Ligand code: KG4
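Here's a solo chain for you in structure tokens, the form predicted alone.
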């Protein structure tokens, strides 16, 4: 088993995952209520909260050991997110994990946060049904190499990824990420943080023909990226604010506004993906992961596009789309050994 910790932002998480991907322990304590009043994450508050929550996670770990959920001798390694993320929270979580590794005489594996998201697709129970009895490493050999869309609050990346999670970046963000766009637009509408789930909940209420027509009208007015070289959402945030200010129908038709925003973000992502068509040659699998991968409308659009391209579409289970420690454990199992300590993020490659 690998014991893993994730603390890159506002979740303090711990998980225990075996070589076949069975999650024996999965704790994820969110700080959303703490940061909601500010409309976003406050780094200093996040760091202090991680300290407090790790005490509770330690107690849960001790109880799991006492209840014989695991035996300490079964743990092969201790892993933790090393970056990217908020510096304070990363230091709190990774140093805590290093301390456990040292105390228990286990090796330590550092994991790039984005590799955790890449690996999260291996937690899909459908893979166990399709490939019963395989280890995580063997499952990775089945669905990688793949083109992966990683879309979250801080990143929009299109990558070519190997079974060992070595990644080459094909397209990246020119300015702001899709998840941040969801958060900022939700704040403009008075919806709670995080914005993605709040906007999806409202968009699902857009059911009447008049609302759907209004959503299509607004979606047609909102901008898509002018360039196909990278993902861009800074202009969309501004355009959405101006639309709300200029069109008085917006205040009374929030579900239609949210539906229009979802449609525009999905279209914007697909426009850049389609521009990388030549990268899909000889590739059979397309994967979507990251927090925004939990958006139902985006999943439907990507599934339809993948079917048209004769690609196998894989995505992450909803419970593992946002930050969690299980994905960090899976990445620690699968990634090439030379990546265990080498966690520098550079344009062109995840190194």
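Positions refer to the first chain, counted from 1. The shown structure was predicted, so the numbers you read here are calculated from the model rather than taken from an experiment.
Below: the form predicted in complex with the ligand, not depicted.
Trainee: Based on heavy atom distances of 4.5 Å or less, which listed stretch (48 to 56, 291 to 299, 308 to 316, 61 to 69) is in contact with the ligand in the model of the complex?
Mentor: Of the options, only 291 to 299 has residues within 4.5 Å of the partner.
Trainee: Is residue 117 near the ligand? Define near as a heavy atom within 4.5 Å, in the model of the complex.
Mentor: Taking the distances in the model of the complex, the answer for residue 117 is yes, it comes within 4.5 Å of the ligand.
Trainee: At the 4.5 Å heavy atom threshold, is residue 112 in contact with the ligand in the model of the complex?
Mentor: Looking in the model of the complex, residue contacts with the ligand do not include residue 112, since no heavy atom lies within 4.5 Å.
Trainee: If we define contact as a non-hydrogen atom of the residue within 4.5 angstroms of the partner, is residue 154 a contact of the ligand in the model of the complex?
Mentor: Judged by the heavy-atom cut-off of 4.5 Å, residue 154 is in contact with the ligand in the model of the complex.
Trainee: Answer for residue 197 alone: is it within 4.5 Å of the ligand in the model of the complex, judged on heavy atom distances?
Mentor: Judged by the heavy-atom cut-off of 4.5 Å, residue 197 is in contact with the ligand in the model of the complex.
Trainee: Which residues in 309 to 333 have a heavy atom within 4.5 Å of the ligand in the model of the complex?
Mentor: Residues within 4.5 Å: 321, 322, 323.
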